[in-house]
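The form predicted on its own is given below as one chain in structure tokens.
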């Protein structure tokens, strides 16, 4: 095919023609660099963020629609010595997709999805999960990803990415086959030329190595229907909450890979979700029967069309005030046993504070996936998350105090492994917490693509 600026966004062209050919195409483009700076009429709307508690003021924002725009933005940052933050969906809990007095490269309008064949797609980084599902599901295809509809695919996949389908199909990054990015010198790079870059971007790549402009994913057959069950308990006290949490670990460990479960303690109310997209066999029935005996109410679902059900989990559009962070990854309940009484007690006493645990495991633990991915926590089948939401400003301070108190209880009781996509600026040993033994290897990749640390945020990989 004849190359042009639009075809440049198709990674199969890069792979077929080589990086040098694609760079030649970029050099022909005369599109000027468009920067939005403080005082411009669009500045406030462009710097808006999903979490309204994060208030950062970049020196400039570069809205990009094509790879040449990204290249010129990086070159501008080099000339002006500005640090670069990269935004696709803008959902970073700590605002790592923005910065103060630096350059933000905004990729939200680069959201194309293209089918390369029956199974593979090329996706631009700003594509949201809602748009991706709209493209894939009518064709009977699926990418294992999260549930929030407005999350951008790049930020999700580069940090790992999990959701309802991950126990059966793996993390989002496990379906990532290739990508292209603009490095710190403003040059186009492809994982075709460096498998180590692909390894780094499968779980360790958020905002550290360059600006991803396209990703190629292997998609999977989508189930036609799914089934959602809900179990509820209200008016909890600490003894019952503790018993339920331990029992949920025991029972959720026996669910088949086709089923995901979440334990969601919101103040004194408990919701346990079971989301299935496969056989509702004996293991699921035992969960609903045996764990259900401990609950006040069991709402058994019936098969529903998958697309309709997923929309119900897309969440609030935002922006909104909140505080979210990883609350640890666990091998089993014993990892949480010492911390659980204190942490649960704080949640039970604090309206608006949520402690959630999600099932991982299954295909995520596949040794073959671990060998080609920098995501380090595959031996930990449960992921904790701490959340706080408020509607009135007066609620913020007590909620954040309770949030920090709960985090401290977890930390002093040995919960130190965390999910990079759920960051917290308070994690002091974040390098080990997010990346384990893979951090030094990630630093070597960083030195090749960004030796001067142009792409950075408070917890990006350091060269």
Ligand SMILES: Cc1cc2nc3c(=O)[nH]c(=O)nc-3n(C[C@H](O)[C@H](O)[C@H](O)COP(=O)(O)OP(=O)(O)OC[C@H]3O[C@@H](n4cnc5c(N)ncnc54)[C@H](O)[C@@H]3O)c2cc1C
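What you see is a predicted model; the values in this text were computed from it and never measured. Positions refer to the first chain, counted from 1.
Here the subject shifts to the form predicted together with this ligand, a form of this protein not shown in this document.
At a distance threshold of 4.5 angstroms between non-hydrogen atoms, residue 229 is out of contact with this ligand in the predicted complex. Using a 4.5 angstroms limit between non-hydrogen atoms, residue 427 is distant from this ligand in the predicted complex.
Using a 4.5 angstroms threshold between heavy atoms, residue 355 stays clear of this ligand in the predicted complex. In the predicted complex, at least one heavy atom of residue 162 sits within 4.5 Å of this ligand. With the partner left out here, this ligand still marks one of 340 to 348, 92 to 100, 287 to 295, 271 to 279 in the predicted complex; by a 4.5 Å heavy atom cut-off that stretch is 92 to 100. The three marked residues, 198, 203 and 373, fail to reach this ligand in the predicted complex, with no heavy atom of any inside 4.5 Å. Comment: this ligand is not present in this chain, but in the predicted complex one of 245, 329, 336, 148 has a heavy atom within 4.5 Å of it, namely 148. Taking a 4.5 Å heavy atom cutoff to this ligand in the predicted complex, the contacting residues in 199 to 238 are 205, 206, 207, 210, 211, 212.
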